[in-house]
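Quick heads-up: it's one chain on its own, the form predicted alone, in structure tokens.
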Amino acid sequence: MGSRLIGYGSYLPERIVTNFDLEKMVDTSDEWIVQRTGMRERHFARDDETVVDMAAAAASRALENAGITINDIDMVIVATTSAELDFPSVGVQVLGRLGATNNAPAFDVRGACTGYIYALHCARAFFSAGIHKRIMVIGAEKMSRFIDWSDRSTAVLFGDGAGALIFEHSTSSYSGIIDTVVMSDGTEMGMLYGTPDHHIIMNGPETYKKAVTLMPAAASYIMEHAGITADNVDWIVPHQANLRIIQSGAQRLGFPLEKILVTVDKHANTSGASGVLALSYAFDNNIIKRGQLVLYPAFGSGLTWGAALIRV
């Protein structure tokens, strides 16, 4: 049993913070940020705006787009590493916020920037087992909670937002979530991690080296496993961590840049929400068309990395 995509939705906080705004907050410049990351602006949530608020907003828009109600969903999986509460899960809180009464299960996945791939991996497994028929997969992050304004190397990198995709069961294994691969290496966890006081510690050069190697490796693996080549893929929607990482990965895979979706200039790095926000942006702006084949590679703290192949 496979799946097919029936709805999408996203949410970005109203506050837009440009590089010029950051010049007033940290020792940096627009030129420095653009040259090293490709980022120009990002969205920051209000102090009283939570991960659940953003996830529920994206979920509501996805339900509206699909033409169904929350009680038509029989599982919710949320990718997040920035939830304000240790428990209950963001997924359960979203169901409560939207008034679900069907007792559908919900849980969170913590895979950092690779979190949405891990969530899609779980959803694919449930569909393959024939256990659930309609699953909502949400990515939601409030990364601004972790910004250390004394560290300009990381303070400029992150933004907030949420996105959601809804899949339902299908008899075709060549639609929806076609394939996923997820990997990790805990021996490298010191390269990139969050501290108990909500600061991000990152060895930038080493993280860059790993990202430009492991994201393309995951993409190559999943294409080989699916029996396809780069020519068969319509779009790559990579994790939006850094423009240089995206460009380097495209070069390694032999993908022309016009087939690479880039939103890092608009959203910065939204961690587990990154890819689904980019995909929603592409749908809203008629960039990616229904029926096209999308490859979504990601890399994050853990170290974690992986890729998903989706027929949208």
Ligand code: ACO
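All values reported here derive from a predicted model rather than from experimental measurement. Don't overthink the numbering: it's just position in the shown sequence, from 1.
Although not depicted, the form predicted together with the named molecule is the subject of the following passage.
Within this chain, residue 125 is remote from the site of the named molecule in the predicted complex, having no heavy atom within 4.5 Å. In the predicted complex, at least one heavy atom of residue 204 sits within 4.5 Å of the named molecule. Contact annotation for residue 208: at least one heavy atom lies within 4.5 Å of the named molecule in the predicted complex. Taking the partner from the other structure, the named molecule in the predicted complex has no heavy atom within 4.5 Å of any heavy atom of residue 83. Listed residues 46, 252, 36, 266 were compared with the named molecule in the predicted complex; 36 is the one with a heavy atom within 4.5 Å. Residue-level contacts in the predicted complex: of 93, 180, 242, 144, one residue has a heavy atom within 4.5 Å of the named molecule, and it is 242. In summary, the region of this chain contacting the named molecule in the predicted complex, judged by heavy atoms within 4.5 Å and restricted to 244-252, 63-71, 46-54, 277-285, corresponds to 244-252. Heavy atoms closer than or equal to 4.5 Å to the named molecule in the predicted complex belong, across 101-115, to one residue only: 113.
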